[in-house]
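Just the one chain here, the form predicted on its own, laid out as structure tokens.
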Amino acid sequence: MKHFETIIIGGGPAGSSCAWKLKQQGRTALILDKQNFPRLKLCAGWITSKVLDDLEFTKADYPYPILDLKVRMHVNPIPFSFTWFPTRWANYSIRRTEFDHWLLERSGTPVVSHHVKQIVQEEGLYIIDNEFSCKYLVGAGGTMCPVRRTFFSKLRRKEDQIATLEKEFEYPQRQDTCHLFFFYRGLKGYSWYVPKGNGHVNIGIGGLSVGFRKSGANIHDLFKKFLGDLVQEGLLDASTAENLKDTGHPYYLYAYEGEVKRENCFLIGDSAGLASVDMGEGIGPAIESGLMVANEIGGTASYQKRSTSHTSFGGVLGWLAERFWITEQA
């Protein structure tokens, strides 16, 4: 059995950021991920300049395209749109297949391709599939993370879960402006059109799962209608829209309740459900949580949920944005 001080399950931004910070502190770690990198990861790919500051790199350091986002907001059913989009930080778009792979390599941490099936706790150690053991265990495997499933099974309410459908593809004629559609066709959430480097674009819709259940709306039908509306807006050509196949995934919005650590076991990123309630943005909170856990393991800080549920907006605008998909009360 191979032993490491820390094992991180999941090599996405949360896990790789945690590993990177541990490496800086001179500590040993291992990352386990069921997929090989680079791998396709559908995501709007919205990051802010805070991500760059937290991970101590600049746009010039990043070896792949990183676009400055010009954002146009559309609020339905009000028939107008506007480009004023103040946030706390500058906004960029990246492709997750590139971004995640780069962060993982940058961490300088060994990675093993392994699909975790069983985790047990014995005599102060965490034993993974009778192959690996560790003193500190970090769950960074997303919504279906085995660490979350094993030790935090009652962590979150279904009312906080977001369902999304999206597609990322090469589309050289795309616009350079990012478009956000709020209250799209009554959706309690928002839809997006995010341009990315090398002529790629990511389009998608997201909303509260409970909203779809209560309204009877079909998210696949809404996605098809969204494609049609993008064609009418001149953002997509009809032949491309007709051939697009959507892909979905669930994740959780931030909630103040719910544990993120037990003894030497931690949840970070989407495993903990930390996406902001104003924009459903998850990359920034994932990275922030990974760094915080590394600092707790290193003895320089105590890991806890950040004190705010917002990451993109501030003040009155943050309060308004939260209303686009504020969680239902039980």
Ligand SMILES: Cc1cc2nc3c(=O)[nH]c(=O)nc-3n(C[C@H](O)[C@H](O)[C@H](O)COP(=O)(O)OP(=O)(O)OC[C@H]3O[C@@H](n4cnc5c(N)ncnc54)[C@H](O)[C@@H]3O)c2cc1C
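From 1 onward, residues are counted along the sequence shown. All of these numbers come straight from a predicted model, not from anything done at the bench.
There is another form of the same protein, the form predicted together with this ligand; it is not shown, and what comes next is about it.
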Based on heavy atom distances of at most 4.5 Å to this ligand in the predicted bound form, which listed stretch, 133-141, 219-227, 171-179, 236-244, is the contact stretch?
133-141
This ligand in the predicted bound form: contacted by all of 14, 35 and 96, heavy atom 4.5 Å:
yes
Though this ligand is not shown, can you say which of 189, 146, 211, 195 has a heavy atom within 4.5 Å of it in the predicted bound form?
146
Touches this ligand in the predicted bound form: residue 160 (any heavy atom, 4.5 Å)
no
Looking at the partner-bound form in the predicted bound form, is residue 43 within 4.5 Å of this ligand by any heavy atom?
yes
I'd like to know whether residue 152 contacts this ligand in the predicted bound form, with contact meaning heavy atoms within 4.5 angstroms.
no
Is residue 294 part of the interface with this ligand in the predicted bound form - any heavy atom within 4.5 Å?
no
Using the arrangement in the predicted bound form, list in sequence order the residues of 103-140 with any heavy atom within 4.5 angstroms of this ligand.
114, 115, 116, 140
